[in-house]
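Below you will find one chain, with nothing else, as structure tokens; this is the form predicted on its own, and questions on how it binds or moves follow later.
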Amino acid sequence: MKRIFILDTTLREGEQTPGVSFTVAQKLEIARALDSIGIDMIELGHPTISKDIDEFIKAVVKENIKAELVVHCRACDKDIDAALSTGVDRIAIFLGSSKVHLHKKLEMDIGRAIELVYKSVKRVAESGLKVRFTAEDATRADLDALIEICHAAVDAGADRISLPDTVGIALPDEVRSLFRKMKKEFGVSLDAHCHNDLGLAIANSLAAFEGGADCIHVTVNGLGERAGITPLCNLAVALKILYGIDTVDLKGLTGLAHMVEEFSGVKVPMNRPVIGENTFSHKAGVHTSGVLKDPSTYEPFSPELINRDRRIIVDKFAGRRAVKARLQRLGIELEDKDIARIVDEIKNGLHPSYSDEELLSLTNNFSGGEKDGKEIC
């Protein structure tokens, strides 16, 4: 089975989320947690952005981190100087590759871009560090121009090329085709960095993998510029379930997601796939009945895979099997006629959803508070 590497950029791209600013201590804790689940590469940030980012990068280098540590910088001497001073394993140099980036943002032609990329990559390569070149906005670039720029990087010593879908506008078939062409053209490793502006980040990351990418960039909880990028939890589980590929320790994902949620202040939506609160919650009677008989009827994978629990929601949609299962989980066995009375009351009421305490209270009302001579609650 093909090997796929995971680069987590929560500490770089993730901190670019509007409203998010991690402390140095929080970043160190996140880096340790990422390393503990087996992330292959951790992107630490851009050392010239601020003093605290530079402080963090130099601090984490002193940690016993097994993952490859990467810093990000522009193709200019000032940034390269700062990156070289950090002591990391790899420097990732980026430059726009599309016409809109080259002409409108950078105000340079393709010839100047090629010259700049070659010079910058060569300088880092000659220092002895590994180099990744990121062709920003690759999915909107002219293919011939993109190939020219990337050849300059590879000729100068880059061993990885990153092809970002910078504004999240590519279709999966386009991404798959681009990576196949670039894989055929180059003998180096290819990275995919997919933004989620149209909700296609996961689909495009998997398409890139199918096209030849051997590294996918992610953030915890999908943090990042605008709508963020590929979420770590979703990608790692998708690779396991759909392709049978092991990447990280899946049981560590839930705790990591909660940590980053707390540190970032960005709440995970309840309906977020894989990690959202509702992912393993079942409400409709037909669904709960099926899940209680065989979880695979309405679950694509077991919650235990990522250290989570299944929830059976009890409200007006609930059937007898759901109520009975919830009560059994609470250690209560009732006769079918009592279960039926409780279900009727739930369906006739206006209560949106019953917590364990509320369900126990309702059960006491209908059973007189006792069963087999013992108090239920």
Ligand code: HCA
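If you're wondering where the values come from, they're calculated on a predicted model, not measured in any experiment. Residue indices: 1-based, along the sequence shown.
Not on display, but discussed next: the form predicted in complex with the named molecule.
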Inset, instruction - Please name which of the stretches 244-252, 288-296, 113-121, 188-196 has residues with heavy atoms lying within 4.5 Å of the named molecule in the model of the complex. - result: 188-196
Inset, instruction - State yes or no: in the model of the complex, is some non-hydrogen atom of S353 no more than 4.5 angstroms from a non-hydrogen atom of the named molecule? - result: no
Inset, instruction - Using a 4.5 Å heavy atom cut-off, state whether T139 contacts the named molecule in the model of the complex. - result: no
Legend entry - Contact test in the model of the complex: F280 vs the named molecule, heavy atoms, 4.5 Å: no
Inset, instruction - Please run the contact check for R160 against the named molecule in the model of the complex: heavy atoms, 4.5 angstroms, yes or no? - result: no
Legend entry - Residue among S264, S98, T166, T86 with a heavy atom within 4.5 Å of the named molecule in the model of the complex: T166
Inset, instruction - Counting only non-hydrogen atoms and a 4.5 Å cut-off, give the residues of 60-98 close to the named molecule in the model of the complex. - result: H72, F94
